[in-house]
Structures are given as structure tokens and as C-alpha cells.
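Next comes just one chain, in C-alpha cells: the form predicted on its own.
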Amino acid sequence: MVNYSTSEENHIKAIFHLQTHSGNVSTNELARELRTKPASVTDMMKKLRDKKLLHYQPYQGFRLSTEGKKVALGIVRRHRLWEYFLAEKLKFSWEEVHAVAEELEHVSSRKLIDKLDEYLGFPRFDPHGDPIPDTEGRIRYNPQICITALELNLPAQICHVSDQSKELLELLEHKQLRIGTKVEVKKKFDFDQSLELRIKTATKQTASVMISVQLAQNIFVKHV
């Protein structure tokens, strides 16, 4: 197995996430994502192109090649398995796991990661509800909708959070909104599009929670 530097892996993973939403990725877009200079990105793109990990033409953007996507999925798999391990076994809070997993994802031993997957019981989703690629790089998605589109009084369960910043996750934790929380939308307010939710807390109690539309747009649910 070919080993790549931490910097190369960070670029590959960032391109993978960006191209999912925007197709070809620009130098400036990737520089903003990685908080680096466009000139540094350009140099790295040439290196990754020479390693046949991406298709790159100056001023036309770039996309991962088939091999580049395979490498990216391996990095994503390691990251999300470590997040699951940290949350489920070491009891890190979900706003803490991302930063630690950013370091652990660069441990590239295939045997270690496969053993970790087996030890954890082959989880399908990380603590934020993101799907974990299997050993072949396959990703299985569950049907989900944004909570803003959920009909009133329809039972659902939180299954994904799109913004995984520490600030947003702290707010969700404060409001007792976690992956797996049972939820119903009781009212949608026309004035500011805020939502009144009825939830079942971790202690099985029923509670009423108000959330802004800004927060709601990051919460995805599945029907139950």
C-alpha cells in the first residue's frame, strides 16, 4: 500500500468533500477550505496529478481520479471509525471527537483499521450521523430529510448533523438534541421560521425545545 504524507491526505480529503457539492474544485476554494495560500495548493495539485490521484488543468479546476477517490474514501473511513471509537468507547463528547480523529486518521495500517471496525461491530454511521465507508469503500446512505421539511406531529429521529463545528455541536448538546433523539415538530412560526420541537430526552422524559431556522437547517431526520 502506498503511503502519503499528512499534507497530501489532507488535500485529498478536502477535495473529496468539496467535489461532492460543487463538481470541479478551484484552487481558491481549496485554499479557503485548508486555510492556506493558493500558490501552495497549486504546487500540491501538481504533485497529486503526477501521482495520478487527480485530474488537473490550470484555471479549469480539478477532480479526484478513480484512484484518488479510493484513497480519499480510505481516509474518510479511518476518520469516522476513530470518531465512533472515541465517542462510544472512550466517551468523548461529539464536539471533541473530530479534532482528535483528524490526527488519528493518518495512521494508515489497513490491518489496524479493519480490526478496529470489527471490534466496534462494523458501525455504519459515525457520531454525527455520517456514513462510514466499508472496507471496499462502499457507502450506504439512509433516506433522510431536513427537519425544516418534516410535517407537523410526525414522529422522526435525528440521524445526521451537516455542520459539525464545535459551536453548533455545543448548542445541540445544550438543547439535548443528539443523533438518535426522537423528535416531532409541533409548530413552525411564520415570523422567523423557528420551530417548536417535542423531544424524548436521554432520560426518556418529554421536553419542548425551540430552535432557530439557522440551527434547524443543519439537522436531518429519518421517519420512525
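Given the structure is predicted, the values throughout are model-derived calculations rather than measurements. A residue's number is simply how far along the shown sequence it sits, counting from 1.
The same protein also has a form predicted in complex with the DNA, omitted here; what follows describes it.
The putative spot formed by Arg178, Thr201 and Val209 is not touched by the DNA in the predicted complex; no residue has a non-hydrogen atom within 4.5 angstroms of it.
Proximity of Lys166 to the DNA in the predicted complex falls outside the 4.5 Å heavy atom cutoff.
The DNA is not drawn, but in the predicted complex it has a heavy atom within 4.5 Å of Asn28. When contacts are judged by a 4.5 Å heavy atom cut-off, Asn3 does not count as touching the DNA in the predicted complex. When contacts are judged by a 4.5 Å heavy atom cut-off, Val185 does not count as touching the DNA in the predicted complex. Residues placing heavy atoms within 4.5 Å of the DNA in the predicted complex fall in a single listed stretch, namely 28-36, out of 168-176, 154-162, 191-199, 28-36.
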